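The chain below stands alone and is given in structure tokens; this is the form predicted on its own.
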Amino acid sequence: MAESGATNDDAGVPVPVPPLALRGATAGTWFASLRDRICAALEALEDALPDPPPSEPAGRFERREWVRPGGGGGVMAVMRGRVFEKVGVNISTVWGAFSADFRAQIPGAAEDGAFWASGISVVAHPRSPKVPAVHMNTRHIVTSRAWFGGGADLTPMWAAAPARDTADFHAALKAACARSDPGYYPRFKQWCDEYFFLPHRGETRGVGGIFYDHLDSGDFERDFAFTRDVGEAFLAIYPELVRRHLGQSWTAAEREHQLVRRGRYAEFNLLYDRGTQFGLRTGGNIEAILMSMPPEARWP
């Protein structure tokens, strides 16, 4: 994180990093450590595939650093393997100033637009239609205010996906919420259902999960603990869901259904996703921002 100042994206002049970012640096350290553990767990799944085809080696994450001209940067970690057709686990810590037309949309940024933001983003597109796709991100954003946001949601790609997967995914997130506030789960579940919705299709992207934003209870440690619990819950439940379906065969029709559902996934991320808009409006790395795009999709 910057010690002095960051570049003003409007005028090219220094803008002080918000003082609250000094406290938020611990969140950036956490996101990086969570990235390492998630990558290790997903690589272990690549090794666990029963009777893997000899021509398909187990995938391994390739990491690539990037630098944001206005301040900060991040690391992309992308794996293409025999279990995951594409999975990305990205972290970033960036700072600077929002453009004049964007700062009004961000709490606490209206005066000078100065911001600091750190987060982790995970999107997995498995090869098998039997294995659900997943998204998880958590972030800490600082202007003259400071808050946490994020969540996780599951997208089955199989028309006959078992209800147990959905139930267990939600149970893990509900337990994470309960450790901070029992009221979080119903509130954040509804927020997720409303957020991950495609108005032009009249349908949800998947089976939901939780979504929260602008979380600032006045107790940084409490809010940070909740955000860590969301990451831990994801790390515990998603590899378990993948393991349930390793080695299951699928049909051409099931693959077709998967590709169509991936198209819906792409539509949401390009048209409505806040993280995509935030990255594009703050000079982020384009490849990292669009990491969530599926490797192959279909529009019938």
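We number the residues from 1 along the sequence you see. These figures come from a predicted structure and were not determined experimentally.
The discussion below concerns the form predicted together with a further copy of the same chain, not included here.
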**Request:** Look at the stretches 150-158, 96-104, 198-206, 176-184 and give the one with heavy atoms within 4.5 Å of a further copy of the same chain in the model of the complex.
**Result:** 198-206
**Message:** Within 4.5 Å, heavy atoms only: does residue 267 come near a further copy of the same chain in the model of the complex?
**Reply:** yes
**Prompt:** in the model of the complex, does residue 25 have a heavy atom within 4.5 Å of a further copy of the same chain?
**Reply:** no
**Message:** Since only the chain is shown here, I'm wondering whether residue 253 would be in contact with a further copy of the same chain in the model of the complex (any heavy atom pair within 4.5 Å).
**Reply:** no
**Item:** Touches a further copy of the same chain in the model of the complex: residue 130 (any heavy atom, 4.5 Å)
**Value:** no
**Message:** Where, within 275-300, is there a heavy atom within 4.5 Å of a further copy of the same chain in the model of the complex? Residue list please.
**Reply:** 277, 280, 286, 287, 290, 293, 294, 295, 296, 297, 298, 299, 300
